[in-house]
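A single chain, nothing else alongside it, follows as C-alpha coordinates in the form predicted on its own.
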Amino acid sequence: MIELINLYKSYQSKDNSVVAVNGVNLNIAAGNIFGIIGLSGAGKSTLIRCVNFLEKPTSGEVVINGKYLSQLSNSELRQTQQKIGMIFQHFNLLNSRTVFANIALPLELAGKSKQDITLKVNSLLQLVDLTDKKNNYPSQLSGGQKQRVAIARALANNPEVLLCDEATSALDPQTTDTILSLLKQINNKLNITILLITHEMEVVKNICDQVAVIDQGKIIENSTVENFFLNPQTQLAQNFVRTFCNEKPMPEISVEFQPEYSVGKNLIVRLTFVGDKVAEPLVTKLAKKFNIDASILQADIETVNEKTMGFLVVELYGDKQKTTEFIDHLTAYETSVKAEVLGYAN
(Lines give C-alpha, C1' and ligand atoms only; values in the text may rest on other atoms or scores of the structure.)
Protein backbone atom coordinates (compact mmCIF):
# COMPACT_ATOMS: atom_id res chain seq x y z
CA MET A 1 0.00 0.00 0.00
CA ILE A 2 2.67 2.52 1.09
CA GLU A 3 6.33 1.93 0.33
CA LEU A 4 9.16 4.29 1.21
CA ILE A 5 12.37 3.52 -0.64
CA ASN A 6 15.69 4.98 0.56
CA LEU A 7 13.95 8.26 1.38
CA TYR A 8 16.05 11.35 2.13
CA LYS A 9 15.06 14.88 2.97
CA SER A 10 17.63 17.58 3.68
CA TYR A 11 17.45 21.33 4.14
CA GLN A 12 20.18 23.63 2.90
CA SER A 13 21.15 26.84 4.65
CA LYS A 14 23.96 29.28 3.95
CA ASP A 15 26.33 27.49 6.27
CA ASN A 16 25.37 23.83 6.25
CA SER A 17 22.95 21.08 5.27
CA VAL A 18 20.58 19.46 7.77
CA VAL A 19 19.39 15.91 7.05
CA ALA A 20 15.90 15.44 8.52
CA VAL A 21 15.08 12.06 6.92
CA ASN A 22 18.02 9.78 6.36
CA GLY A 23 17.56 6.74 4.09
CA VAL A 24 14.18 5.52 5.36
CA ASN A 25 12.79 2.24 4.00
CA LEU A 26 9.30 1.15 5.09
CA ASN A 27 6.47 -1.06 3.85
CA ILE A 28 2.98 -0.40 5.21
CA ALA A 29 0.30 -2.94 4.37
CA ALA A 30 -3.18 -1.90 3.26
CA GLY A 31 -5.62 -1.58 6.15
CA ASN A 32 -2.90 -1.36 8.81
CA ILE A 33 -2.53 1.24 11.53
CA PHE A 34 1.20 1.95 11.45
CA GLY A 35 2.83 4.12 14.09
CA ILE A 36 6.16 5.91 13.93
CA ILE A 37 7.44 6.96 17.34
CA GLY A 38 10.42 9.11 18.21
CA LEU A 39 11.63 11.97 20.34
CA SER A 40 11.18 15.62 19.39
CA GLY A 41 13.42 16.53 16.47
CA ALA A 42 13.83 12.93 15.30
CA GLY A 43 12.37 13.67 11.86
CA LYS A 44 8.82 12.37 12.35
CA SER A 45 6.90 15.34 10.98
CA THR A 46 9.20 15.76 7.99
CA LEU A 47 8.85 12.09 7.15
CA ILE A 48 5.05 12.06 7.21
CA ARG A 49 4.89 15.25 5.13
CA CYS A 50 7.09 13.57 2.53
CA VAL A 51 4.57 10.72 2.22
CA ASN A 52 1.99 12.99 0.54
CA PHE A 53 4.58 15.34 -1.00
CA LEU A 54 3.70 18.32 1.18
CA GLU A 55 7.48 18.16 1.46
CA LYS A 56 9.19 16.90 -1.69
CA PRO A 57 11.91 14.38 -0.79
CA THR A 58 15.48 15.25 -1.70
CA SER A 59 15.91 11.72 -3.04
CA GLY A 60 14.29 8.31 -2.82
CA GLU A 61 10.77 7.21 -3.65
CA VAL A 62 7.29 7.27 -2.15
CA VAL A 63 5.07 4.60 -3.68
CA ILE A 64 1.34 4.53 -2.93
CA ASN A 65 -0.77 1.79 -4.47
CA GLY A 66 1.95 1.20 -7.03
CA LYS A 67 2.24 4.86 -8.03
CA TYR A 68 5.67 6.49 -7.76
CA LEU A 69 4.76 10.00 -6.65
CA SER A 70 7.96 11.54 -8.02
CA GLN A 71 7.01 10.35 -11.51
CA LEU A 72 3.50 11.83 -11.56
CA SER A 73 2.57 14.98 -13.42
CA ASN A 74 1.23 17.88 -11.35
CA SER A 75 -2.39 16.99 -12.17
CA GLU A 76 -1.81 13.29 -11.42
CA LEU A 77 -0.13 14.18 -8.13
CA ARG A 78 -3.08 16.38 -7.10
CA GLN A 79 -5.50 13.52 -7.87
CA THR A 80 -3.39 11.11 -5.81
CA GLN A 81 -3.14 13.60 -2.93
CA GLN A 82 -6.94 13.78 -2.81
CA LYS A 83 -6.85 10.12 -1.75
CA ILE A 84 -4.47 10.92 1.12
CA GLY A 85 -6.20 12.59 4.04
CA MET A 86 -4.20 14.34 6.74
CA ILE A 87 -4.89 15.57 10.25
CA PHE A 88 -2.62 17.81 12.30
CA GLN A 89 -1.74 18.48 15.93
CA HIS A 90 -3.37 21.92 15.93
CA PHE A 91 -6.41 21.04 13.79
CA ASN A 92 -5.83 23.69 11.05
CA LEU A 93 -9.52 24.64 10.84
CA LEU A 94 -10.73 27.86 9.22
CA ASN A 95 -12.17 30.02 12.01
CA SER A 96 -14.42 31.93 9.60
CA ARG A 97 -16.21 28.73 8.52
CA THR A 98 -18.74 26.65 10.39
CA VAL A 99 -18.15 22.99 11.19
CA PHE A 100 -20.23 22.04 8.14
CA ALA A 101 -18.30 24.43 5.88
CA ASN A 102 -14.91 23.26 7.14
CA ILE A 103 -15.75 19.66 6.30
CA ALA A 104 -17.22 20.73 2.96
CA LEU A 105 -14.10 22.60 1.82
CA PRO A 106 -12.26 19.65 0.15
CA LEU A 107 -15.47 18.70 -1.66
CA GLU A 108 -15.92 22.26 -2.92
CA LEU A 109 -12.33 22.29 -4.19
CA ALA A 110 -12.98 18.98 -5.94
CA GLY A 111 -15.97 20.52 -7.76
CA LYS A 112 -18.72 18.43 -6.15
CA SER A 113 -22.35 19.50 -6.43
CA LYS A 114 -24.15 21.12 -3.48
CA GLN A 115 -26.37 18.07 -3.14
CA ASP A 116 -23.41 15.69 -3.04
CA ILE A 117 -21.62 17.93 -0.56
CA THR A 118 -24.63 18.06 1.76
CA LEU A 119 -25.08 14.28 1.71
CA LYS A 120 -21.40 13.59 2.31
CA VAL A 121 -20.90 16.16 5.05
CA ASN A 122 -23.99 15.02 6.93
CA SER A 123 -22.79 11.40 6.84
CA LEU A 124 -19.37 12.45 8.12
CA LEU A 125 -20.91 14.54 10.89
CA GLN A 126 -22.78 11.44 11.98
CA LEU A 127 -19.61 9.33 11.82
CA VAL A 128 -17.69 11.70 14.13
CA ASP A 129 -20.74 12.38 16.33
CA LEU A 130 -20.97 16.13 15.66
CA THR A 131 -24.34 16.48 13.96
CA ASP A 132 -25.52 18.89 16.64
CA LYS A 133 -22.45 21.12 16.08
CA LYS A 134 -22.75 21.55 12.30
CA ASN A 135 -23.54 25.29 12.51
CA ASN A 136 -20.99 26.08 15.21
CA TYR A 137 -17.65 27.80 14.58
CA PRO A 138 -14.28 26.38 15.72
CA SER A 139 -14.06 28.93 18.54
CA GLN A 140 -17.18 27.34 20.04
CA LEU A 141 -15.69 23.84 20.14
CA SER A 142 -13.47 21.91 22.56
CA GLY A 143 -10.10 20.56 21.43
CA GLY A 144 -11.51 17.08 20.94
CA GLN A 145 -14.43 18.40 18.89
CA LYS A 146 -12.05 20.40 16.69
CA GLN A 147 -10.02 17.28 16.01
CA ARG A 148 -13.20 15.40 15.11
CA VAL A 149 -14.00 18.11 12.58
CA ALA A 150 -10.46 17.79 11.19
CA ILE A 151 -10.87 14.02 10.90
CA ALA A 152 -14.20 14.40 9.10
CA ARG A 153 -12.64 16.93 6.71
CA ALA A 154 -9.74 14.54 6.01
CA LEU A 155 -12.27 11.81 5.11
CA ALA A 156 -14.32 14.00 2.77
CA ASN A 157 -12.76 12.75 -0.47
CA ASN A 158 -12.92 9.06 0.53
CA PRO A 159 -9.17 8.70 1.04
CA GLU A 160 -7.36 5.37 0.97
CA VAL A 161 -4.70 6.66 3.37
CA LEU A 162 -5.01 8.82 6.49
CA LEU A 163 -1.89 10.55 7.81
CA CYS A 164 -1.88 11.73 11.42
CA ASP A 165 0.77 14.26 12.47
CA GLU A 166 0.80 14.17 16.31
CA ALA A 167 -3.00 14.19 16.15
CA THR A 168 -3.51 13.82 19.92
CA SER A 169 -0.56 15.79 21.31
CA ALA A 170 -2.66 18.89 22.06
CA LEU A 171 -5.40 16.91 23.84
CA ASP A 172 -5.92 15.76 27.42
CA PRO A 173 -5.70 12.01 28.17
CA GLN A 174 -9.45 11.38 28.22
CA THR A 175 -10.00 13.21 24.93
CA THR A 176 -7.00 11.39 23.44
CA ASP A 177 -8.70 8.08 24.22
CA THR A 178 -11.88 9.13 22.41
CA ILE A 179 -9.95 10.30 19.33
CA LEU A 180 -7.93 7.07 19.22
CA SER A 181 -11.14 5.08 19.54
CA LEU A 182 -12.61 7.05 16.63
CA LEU A 183 -9.53 6.39 14.47
CA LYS A 184 -9.76 2.67 15.25
CA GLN A 185 -13.45 2.71 14.33
CA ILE A 186 -12.67 4.46 11.03
CA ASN A 187 -9.95 1.94 10.26
CA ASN A 188 -12.30 -0.99 10.93
CA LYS A 189 -15.33 0.46 9.18
CA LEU A 190 -13.70 2.03 6.12
CA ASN A 191 -10.53 -0.12 5.91
CA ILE A 192 -8.41 3.02 5.58
CA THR A 193 -4.66 2.62 6.00
CA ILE A 194 -3.53 4.92 8.82
CA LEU A 195 0.02 6.17 9.24
CA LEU A 196 0.57 8.18 12.38
CA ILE A 197 3.53 9.77 14.06
CA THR A 198 3.71 10.32 17.78
CA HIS A 199 5.96 10.61 20.80
CA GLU A 200 3.22 9.11 23.01
CA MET A 201 3.39 5.42 23.92
CA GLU A 202 -0.33 5.52 24.76
CA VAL A 203 -1.08 6.02 21.05
CA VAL A 204 1.10 3.09 20.00
CA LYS A 205 -0.35 0.87 22.71
CA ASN A 206 -4.00 1.57 21.98
CA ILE A 207 -4.41 1.36 18.22
CA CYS A 208 -1.26 0.48 16.25
CA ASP A 209 -0.68 -2.87 14.52
CA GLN A 210 2.92 -2.09 13.62
CA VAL A 211 5.42 0.43 14.99
CA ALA A 212 8.74 1.84 13.84
CA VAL A 213 11.17 3.88 15.93
CA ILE A 214 12.85 6.88 14.30
CA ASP A 215 16.00 8.51 15.63
CA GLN A 216 18.02 11.25 13.89
CA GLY A 217 16.06 10.69 10.71
CA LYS A 218 16.70 6.92 10.58
CA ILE A 219 14.38 3.99 11.29
CA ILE A 220 16.23 2.03 13.96
CA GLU A 221 13.54 -0.54 14.81
CA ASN A 222 10.42 -1.89 13.11
CA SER A 223 8.13 -4.62 14.45
CA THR A 224 4.63 -5.58 15.46
CA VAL A 225 3.37 -3.70 18.49
CA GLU A 226 3.23 -6.91 20.52
CA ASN A 227 6.88 -7.71 19.78
CA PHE A 228 7.85 -4.09 20.39
CA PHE A 229 6.63 -4.33 23.98
CA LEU A 230 7.76 -7.92 24.49
CA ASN A 231 11.23 -7.61 23.00
CA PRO A 232 12.43 -4.05 22.26
CA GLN A 233 15.78 -4.24 20.47
CA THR A 234 17.30 -0.77 20.69
CA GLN A 235 18.06 1.34 23.75
CA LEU A 236 15.58 4.02 22.64
CA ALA A 237 12.78 1.47 22.25
CA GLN A 238 13.62 -0.02 25.64
CA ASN A 239 13.45 3.45 27.19
CA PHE A 240 10.03 4.08 25.64
CA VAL A 241 8.66 0.76 26.93
CA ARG A 242 10.11 1.11 30.43
CA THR A 243 8.88 4.67 30.83
CA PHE A 244 5.43 3.62 29.67
CA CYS A 245 5.36 0.72 32.13
CA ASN A 246 6.27 3.10 34.98
CA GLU A 247 9.42 1.12 35.69
CA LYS A 248 11.41 2.85 38.39
CA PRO A 249 15.22 3.02 38.47
CA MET A 250 16.71 0.42 40.81
CA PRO A 251 17.85 2.97 43.46
CA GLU A 252 14.22 3.98 43.92
CA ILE A 253 13.31 0.43 44.95
CA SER A 254 16.32 0.11 47.26
CA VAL A 255 18.21 -2.38 45.09
CA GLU A 256 21.72 -1.80 43.84
CA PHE A 257 23.11 -4.43 41.53
CA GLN A 258 26.27 -5.33 39.69
CA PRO A 259 26.62 -6.87 36.23
CA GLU A 260 28.64 -9.95 37.27
CA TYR A 261 27.73 -12.82 39.60
CA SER A 262 29.52 -13.36 42.88
CA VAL A 263 28.74 -15.58 45.85
CA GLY A 264 25.87 -14.30 47.95
CA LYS A 265 24.35 -12.19 45.18
CA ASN A 266 20.76 -12.64 43.99
CA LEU A 267 19.68 -12.48 40.34
CA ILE A 268 17.50 -9.53 39.26
CA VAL A 269 15.45 -10.27 36.15
CA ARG A 270 12.83 -8.38 34.15
CA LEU A 271 9.96 -10.54 32.83
CA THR A 272 7.49 -9.51 30.14
CA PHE A 273 4.36 -11.63 29.56
CA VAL A 274 1.75 -11.54 26.82
CA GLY A 275 -1.71 -13.06 26.41
CA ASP A 276 -2.77 -15.99 28.59
CA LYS A 277 0.61 -16.12 30.33
CA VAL A 278 -0.27 -12.92 32.23
CA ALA A 279 -2.91 -14.77 34.25
CA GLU A 280 -0.72 -17.79 35.03
CA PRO A 281 1.23 -18.04 38.33
CA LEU A 282 4.30 -18.77 36.21
CA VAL A 283 6.93 -17.32 38.55
CA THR A 284 5.56 -19.21 41.55
CA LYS A 285 5.27 -22.44 39.56
CA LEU A 286 8.80 -22.29 38.18
CA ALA A 287 10.27 -21.15 41.49
CA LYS A 288 8.94 -24.34 43.08
CA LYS A 289 10.18 -26.45 40.17
CA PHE A 290 13.73 -25.11 40.41
CA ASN A 291 13.75 -24.82 44.21
CA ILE A 292 14.31 -21.07 44.39
CA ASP A 293 12.47 -18.17 46.03
CA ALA A 294 11.26 -15.09 44.17
CA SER A 295 10.48 -11.58 45.36
CA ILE A 296 8.52 -9.22 43.09
CA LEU A 297 10.12 -5.76 43.10
CA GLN A 298 7.87 -4.13 40.48
CA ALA A 299 4.73 -5.16 38.61
CA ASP A 300 2.42 -3.67 35.99
CA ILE A 301 -0.30 -4.92 33.64
CA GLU A 302 -1.30 -3.10 30.45
CA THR A 303 -3.58 -3.72 27.48
CA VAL A 304 -1.60 -3.37 24.26
CA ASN A 305 -3.71 -3.27 21.08
CA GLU A 306 -6.39 -5.38 22.78
CA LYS A 307 -3.85 -7.89 24.17
CA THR A 308 -2.95 -8.12 27.85
CA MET A 309 0.73 -7.72 28.75
CA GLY A 310 2.37 -8.03 32.15
CA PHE A 311 5.69 -6.58 33.31
CA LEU A 312 7.61 -7.79 36.36
CA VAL A 313 10.99 -7.10 37.94
CA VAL A 314 11.87 -10.06 40.16
CA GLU A 315 14.68 -10.88 42.58
CA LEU A 316 15.54 -14.60 42.58
CA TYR A 317 17.05 -16.24 45.68
CA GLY A 318 19.03 -19.41 45.03
CA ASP A 319 22.35 -20.69 43.78
CA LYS A 320 23.60 -19.66 40.35
CA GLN A 321 22.85 -23.03 38.74
CA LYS A 322 19.19 -23.03 39.79
CA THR A 323 18.54 -19.43 38.78
CA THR A 324 20.30 -20.02 35.46
CA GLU A 325 18.07 -23.05 34.83
CA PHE A 326 15.04 -20.89 35.64
CA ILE A 327 16.04 -18.28 33.01
CA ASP A 328 17.03 -20.93 30.45
CA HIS A 329 13.63 -22.60 30.82
CA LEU A 330 11.80 -19.32 30.24
CA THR A 331 13.93 -18.52 27.21
CA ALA A 332 13.60 -21.97 25.65
CA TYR A 333 10.02 -22.99 26.38
CA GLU A 334 7.87 -19.97 27.22
CA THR A 335 7.39 -18.27 23.83
CA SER A 336 5.06 -15.63 25.26
CA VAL A 337 7.51 -14.61 27.97
CA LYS A 338 10.67 -12.49 27.60
CA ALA A 339 13.31 -12.74 30.33
CA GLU A 340 16.05 -10.13 30.63
CA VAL A 341 18.79 -10.33 33.23
CA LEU A 342 19.40 -6.93 34.82
CA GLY A 343 22.22 -7.93 37.16
CA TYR A 344 22.94 -9.26 40.66
CA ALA A 345 22.04 -7.69 44.01
CA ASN A 346 22.93 -8.14 47.66
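When you see a residue number, it is the position in the sequence shown, counting from 1. From a predicted model like this one, the values you see are computed outputs, not experimental measurements.
The same protein also has a form predicted together with a small molecule, omitted here; what follows describes it.
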property: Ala20, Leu39 and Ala42 each touching the small molecule in the predicted complex (heavy atom, 4.5 Å); result: yes
property: Stretch in contact in the predicted complex with the small molecule, which is absent here, among 42 to 50, 26 to 34, 291 to 299, 66 to 74 (heavy atoms within 4.5 Å); result: 42 to 50
property: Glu221 within 4.5 Å of the small molecule in the predicted complex, heavy atoms; result: no
property: In the predicted complex, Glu166 touching the small molecule (heavy atom, 4.5 Å); result: yes
